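What follows is a single chain, given as structure tokens, in the form predicted on its own.
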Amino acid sequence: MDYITGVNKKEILELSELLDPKLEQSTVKVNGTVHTIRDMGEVAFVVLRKREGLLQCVYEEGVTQFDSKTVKEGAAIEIEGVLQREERAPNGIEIRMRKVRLLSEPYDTLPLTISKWKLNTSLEAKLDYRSVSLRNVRERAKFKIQEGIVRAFRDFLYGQGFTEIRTPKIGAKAAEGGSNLFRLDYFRRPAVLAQSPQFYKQMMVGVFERVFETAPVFRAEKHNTKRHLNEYTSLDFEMGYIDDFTDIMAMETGFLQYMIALLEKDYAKECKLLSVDMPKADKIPTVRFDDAKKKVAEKYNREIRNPYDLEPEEEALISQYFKEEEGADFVFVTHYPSKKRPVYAMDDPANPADTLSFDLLFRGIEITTGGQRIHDYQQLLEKFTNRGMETEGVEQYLNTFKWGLPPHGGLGLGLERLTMRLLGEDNVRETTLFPRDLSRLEP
């Protein structure tokens, strides 16, 4: 009888293993995809693309037991050869090829020249041929860094006593209100795609006290801008027994500090490849919503047109102001007007027209919305009534408060926007694997 006893140990080596100086001049086996071929006649340089980066291999006529003319870009091959140092090669090593085994080959030429340092094509072309454009090492590096952001979020919050949860993305009622909902027929019952895990996060505070989730959310907004998506990944957390909403801002600041340190340590190669200008988060300034508007209006001679929300231009100018005045990459804008915040946002006892809430701006764009929530059942019911909102369909959410919840708050952070600003990109689709917007449902 045969048994499976664990991960198979293979002869094939990965790039990080090949960097061991002890392996120099030894015969090794590797596999990978042919990224590019430079044919010099009797010698050809075959660059393999592996999960950890690029590896240069050298074909020599009469030495390599394979005809280089039969290898195409995009082919998957296995190579046996002698490993040696070569400072001019990627990662400072190369393999002198002895044997080559063809594992698979493409049937057509690639639609994009992915071996170029930077893809010389439009964003639309990159998205149309997404599975190919992501093979470019710079495009791929964006999403390794995005992996690092999510990893930092998880690791940091685990270290702070949070429990990871998974909430449904099909529901009966909206959490955020408004009309930007994707509606669907759920076995002849009306349903919507989740705009946010907000209701469930609050319910789970009564179970675990501190919870988080990384998952997609859906907004049926008819925007066609560089900052909006109809499906994006939200990094959410909710925490109980807070003193006030500054506890939430402090927790996010701690996450950002952890994230920056992790990226600098474990993703240094990708950060260098993309020339990432790493932000500072040792201390983040806070400013009240109304004060922020006044500061920008005075310094940049700009009229305040909307007293209840920040326009994109104002977000950019507030960030510019605090970069010039404080050298800050991030800024918390607090005490947003109540009429522009969801029903569960706690109003400021000192001025009920404002909320104990905030947005985090990063280099000119909002990446986070958060704050303290109402935890008192009667107070929440009164706010529903004052806003003329129906409680039908949210009874189970409201019952959670009837049965008691501690003071709590939380936030939602847009992963793709954070990545976009971190990498200095101008369009959020650049940092979204497979974007969904007004015109794109494929691939």
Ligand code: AMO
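Note that the structure is a prediction, hence the values are computed from the model and not measured. One-based numbering along the sequence shown.
Missing here is the form predicted together with this ligand; even so, the following discussion is about that form.
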Which one, 205-213, 366-374, 274-282, 155-163, holds residues whose non-hydrogen atoms are within 4.5 Å of this ligand in the predicted complex?
366-374
Contact test in the predicted complex: residue 257 vs this ligand, heavy atoms, 4.5 Å:
no
Hey, in the predicted complex, does residue 221 get a heavy atom within 4.5 angstroms of this ligand?
yes
If we define contact as a non-hydrogen atom of the residue within 4.5 angstroms of the partner, is residue 227 a contact of this ligand in the predicted complex?
yes
Taking heavy atoms only, is residue 30 within 4.5 angstroms of this ligand in the predicted complex?
no
Only hit among 182, 321, 143, 232 for heavy atom within 4.5 Å of this ligand in the predicted complex is 232
Among the candidates 133, 196, 91, 121, the residue which, in the predicted complex, approaches this ligand to within 4.5 Å (heavy atoms)
196
Does any residue in 381-411 get within 4.5 Å of this ligand in the predicted complex, counting heavy atoms only, and if so which ones?
410, 411
